[in-house]
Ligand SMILES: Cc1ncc(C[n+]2csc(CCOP(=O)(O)OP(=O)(O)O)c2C)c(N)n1
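Read the single chain below, which is given as structure tokens and is the form predicted on its own.
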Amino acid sequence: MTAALNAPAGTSLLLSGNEAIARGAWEAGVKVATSYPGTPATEILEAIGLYPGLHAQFSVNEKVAMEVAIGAAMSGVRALCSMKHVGMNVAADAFMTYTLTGTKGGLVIVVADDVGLSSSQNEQDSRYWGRFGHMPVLEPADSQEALAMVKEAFEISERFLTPVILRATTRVCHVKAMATVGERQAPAKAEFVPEPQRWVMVPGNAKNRLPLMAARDKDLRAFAEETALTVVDEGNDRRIGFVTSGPVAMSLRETFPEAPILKLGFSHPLPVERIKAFAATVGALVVAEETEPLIENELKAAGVPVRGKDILPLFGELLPHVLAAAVRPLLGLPAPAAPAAPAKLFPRPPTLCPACPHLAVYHTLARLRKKVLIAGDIGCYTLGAGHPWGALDTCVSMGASMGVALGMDKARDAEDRDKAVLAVIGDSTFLHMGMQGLMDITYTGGNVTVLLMDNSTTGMTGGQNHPANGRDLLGNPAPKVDFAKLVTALGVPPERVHTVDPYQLPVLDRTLRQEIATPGPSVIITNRPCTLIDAFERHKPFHTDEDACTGCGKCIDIGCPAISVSRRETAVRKNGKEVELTFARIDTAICTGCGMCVNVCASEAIVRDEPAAKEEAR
């Protein structure tokens, strides 16, 4: 990324789509850039923040990020707001009104769709927002197009006074390709001009904007028919032609090198007349789009005969082997052989890191599993649903643990409350959308215990800072939220708020048992930093004294990746009953010396690794 910061115009660089979007935004003269971390969009804001001459920030959630960008655009400067697809759901409240007011300075909203669900709880198609919000949608296929289309999106935004969506996908965001960079355009000077009938969206003013939005739709449809963002890649085999957008165009060209392809860089509004003219030049027209049949349905409604989701899958990426299997039979060609089954490898399920403070929480919850219902949330700690803990019952969306837990509590009759209800949430997620849920718990008298796991970072997306760790985007000192004071202000009685070191397993266990046995809302804050950030302090590793180990296996139950099974043996007790003993080994190369395992080892077989002492013994 350093090379991109200092590269003069005309330089070709190997950039990911996210890095290219950042460079394009800077070249376009963006003054304000906002986001909330979320894969596959996270690196866009991280990269923009390194460029001079602009303000970049991770907001507490996507709605606030959108509102900050809107405020900047209202003031006449160019603003960019980026997020992953589910983040757009959070931002939609502000977005759907601003598309009605129209913008002043250019506003580009980059939405990164996780096609194939690499790191998401659903597979949304953000092209719907263009239809829903009456606004243009641009779709780059690679890094060069991502860079160029960001710049073009700002031009379109200001020409038609509308926000513009740039829809990227995981393949565009994370794959690196060559891109030629340009110069930065000088940012406009900010000047907010009061226009109450435009910016104050009470019903009377909003009604007057509807005819203007309809007129804008008409102008955008005309623009769609002529824009150079849509291109036709001619081919020699006219038996079949394709309409597509984004990276699918590359898969099509690889799979059907002789077929004509109409690639929609500007995919909404749809250039129906242009597509009709293209369809007349080919024997059959196939719409290849990820993931929903939006283009297909619009063309069918316009009377254009097309094939699409009747032969192509409704979900996942349209990679070459998928396209070949679906389309080759239309050409009278045999379907390709099915891909060879992947080699069976030793399973490596996702797990938490060695010494992760969340390990302690889930180890404790696993021991209470029969006594609790556990509403989970979005973050690293979602892994608590897996082996060996199995300590989550639900996971819906960012911040949902609070409301779901309250619903579980209120759904029960008093005589049926044989289990306590817990909500598990991380620090960044709590700030994102958890505070309102906790306020609802306290306001309605919910009998819910909240485990607020503060690891001083937004861990799942790579360790970004947030308002509760005292650092801004670039790591500079910033005001720090005090969680204990915050949850007290939200209505939790001070005596029911506990801050616990998660490495102290007996204290955590005792506090948790105490709180679930006491009616009313409570919060337990665990406060150890993520092991992957600078604030984490490593200690000398531990190792297992095999002579002292009794094979109880309790240290393995923690789930720390540094601890593994060395051997298993069957022993016979005095009463004649056979028991299986599980002996443990600690990988000192990855052990951080946190000491969680020491808390559960009754035989004192886990000891600090002291290389100096070993040398003296020799």
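We number the residues from 1 along the sequence you see. Note that the structure is predicted; figures quoted are calculated from it, not measured.
Beyond the structure shown, there is the form predicted in complex with this ligand, which is absent from this document and is the topic of what follows.
Looking at L166, you'd find every heavy atom of it more than 4.5 angstroms from this ligand in the predicted bound form. Under a 4.5 angstroms non-hydrogen atom cutoff, this ligand in the predicted bound form lacks G241 among its neighbouring residues.
In the predicted bound form, this ligand lies farther than 4.5 Å from every heavy atom of W389.
Proximity of V86 to this ligand in the predicted bound form: non-hydrogen atoms within 4.5 Å are present. Partner contact region in the predicted bound form: 36-44, out of 65-73, 561-569, 580-588, 36-44, criterion any non-hydrogen atom within 4.5 Å of this ligand. Proximity to this ligand in the predicted bound form, defined as a heavy atom within 4.5 Å, holds among F542, F256, Y381, F95 only for Y381. Of the candidates A468, A148, M460, L299, M460 is the one whose heavy atoms come within 4.5 Å of this ligand in the predicted bound form; the others do not. Residue H358 is the only one in 329-365 with at least one heavy atom within 4.5 Å of this ligand in the predicted bound form.
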